[in-house]
Structure formats: structure tokens, C-alpha cells
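Shown next as C-alpha cells: one chain only, the form predicted alone.
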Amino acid sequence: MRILITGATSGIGRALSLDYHRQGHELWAVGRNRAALAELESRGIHVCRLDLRQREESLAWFSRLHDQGLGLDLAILNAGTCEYLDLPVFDSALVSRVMRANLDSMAVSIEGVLPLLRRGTRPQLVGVGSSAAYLPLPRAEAYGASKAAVAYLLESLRLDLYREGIAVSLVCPGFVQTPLTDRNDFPMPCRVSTARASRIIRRGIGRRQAEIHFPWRFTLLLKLGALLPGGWWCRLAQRMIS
């Protein structure tokens, strides 16, 4: 397969890039970390240093790939970040940063990869969201809102791309051991390694699953919590953090 992965220089994106490359697939890795991209390139992976928040620059690069006649079979849009709000100060600049990194960059990537996927064989578009989108969580106002928006975006695209034969998959991880989660200052139940995350995601992609969520013990609890009346969950969450 011909595969493009954004956010490929660390965490889940790097693990997926290396694993797919070992399987013999042709990879295009997009990221911002120059040293990490150089290391991927040394392994024979095509790389591009790109800030997907910069729309015109990003779309120009995707357009060059299109002009070269490239078609993609799989695009995994993984670029993103995580920042938490700490009240009593509500930081609107933080919310904007997170939305730009998680939602806007996803939208730019989708605009860029769709023409390439339309040339692919059994094309599949995969977006990495988060299980944080299942229900409100403390301090996650910005992050959760951005990932909820990503989920809605991809689930709507699944409807509109059906007739074109482009499958759309949403990945909703729990806690994965990455440089981002290493900064967290709270317990992270059921945290998994990037190696395990890559295995689960690749298996789900191979099955063309609409939603890939893990670890299931954690994500199912969140899904069950989302079924509770809103007032019940609110009172429970407040007790947990009091």
C-alpha cells in the first residue's frame, strides 16, 4: 500500500510509520521535528517537514504530490496536541491553539489527501480522535471539544464519501504512553504502549472498522458513562475530583 501519516515524528504516528514500513508498504511521513524526520528518512521513508496549521503551505505540498501522479491507499491523520485548562483562569488562547492543532490541521489534511485517495486502491481515510470525546472530563474543555469536533467531522465524512468507495475510520484511544501523556500530572488508568496501540490500530484499519477504540476496558467504561443522564455523570465526576 501507499500510505501517508501525519504527526509521524513521535508517539502513535511514529510507531505506525515504522510498523507499516517494516511490512513493506511505501510511506510518506509528515511532521515538524527535523531530527525525527531525518531518522525516518534514513530508513527509506519519504518525509516532509510541514506545519499543517499553515493551510496554504500544506495544500501546496499536497498539490505537488497530486501533480506527480501519486495515489494513496491509506491516509492516517494523526497530528495533534493536548493542553489542559486550569481554572479559575479560562484561557481562550489555549482553546484556540488546541482547536487549530487538532481540528483545523485535520481539516487541511483532509482537503489535501482526498484527491490522492481518489486515485488509490480501496482507499481509506483514518483520523485519530480520542476517547475523551465520549463525555465531559475535568480540565479537558479544549482538548475534549476539539476531539468531539474531529469525531463529528469524520463521522459525517463517512456518509458523504460512501458513494466514492472511500472508507472512513475514527480512532479513539485511551491513554497511550507518548511524550504528550508523559507530561500529565494525574493518574492514567490502563495506559498502553505505542507498540500495542499500533497493533490495535493496524488491525482495525485492516478490518476497515468504522471506529477503533482501546483499551476496551477503559473505553467501554467511558461509553457506559456517556449513557448516563447528564446530571448523574456530572455529580459522579464532581465527586471523583473533590
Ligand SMILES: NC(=O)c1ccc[n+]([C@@H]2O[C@H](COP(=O)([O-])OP(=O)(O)OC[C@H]3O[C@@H](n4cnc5c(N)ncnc54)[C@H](OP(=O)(O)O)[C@@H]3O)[C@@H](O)[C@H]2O)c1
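All residue numbers are counted from 1 along the displayed sequence. Computed from a prediction, not measured in an experiment: that's the story for all the values here.
The discussion below concerns the form predicted together with this ligand, not included here.
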V126: touches this ligand in the predicted complex, heavy atom cutoff 4.5 angstroms: no
When the contact criterion is heavy atoms within 4.5 Å, does Q209 count as touching this ligand in the predicted complex? no
Do V176 and this ligand come within 4.5 Å of each other in the predicted complex, heavy atoms counted? yes
Is it the case that N33, even though its partner is missing from this view, gets within 4.5 Å of this ligand in the predicted complex, heavy atoms only? yes
Exactly one stretch in 151 to 159, 118 to 126, 134 to 142, 77 to 85 has heavy atoms within 4.5 Å of this ligand in the predicted complex; which is it? 77 to 85
Whether L18, L72 and S198 jointly form a contact site for this ligand in the predicted complex is the question; each needs a heavy atom within 4.5 Å. no
Residues within stretch 41 to 75 having a non-hydrogen atom within 4.5 Å of this ligand in the predicted complex: L50, D51, L52, R53
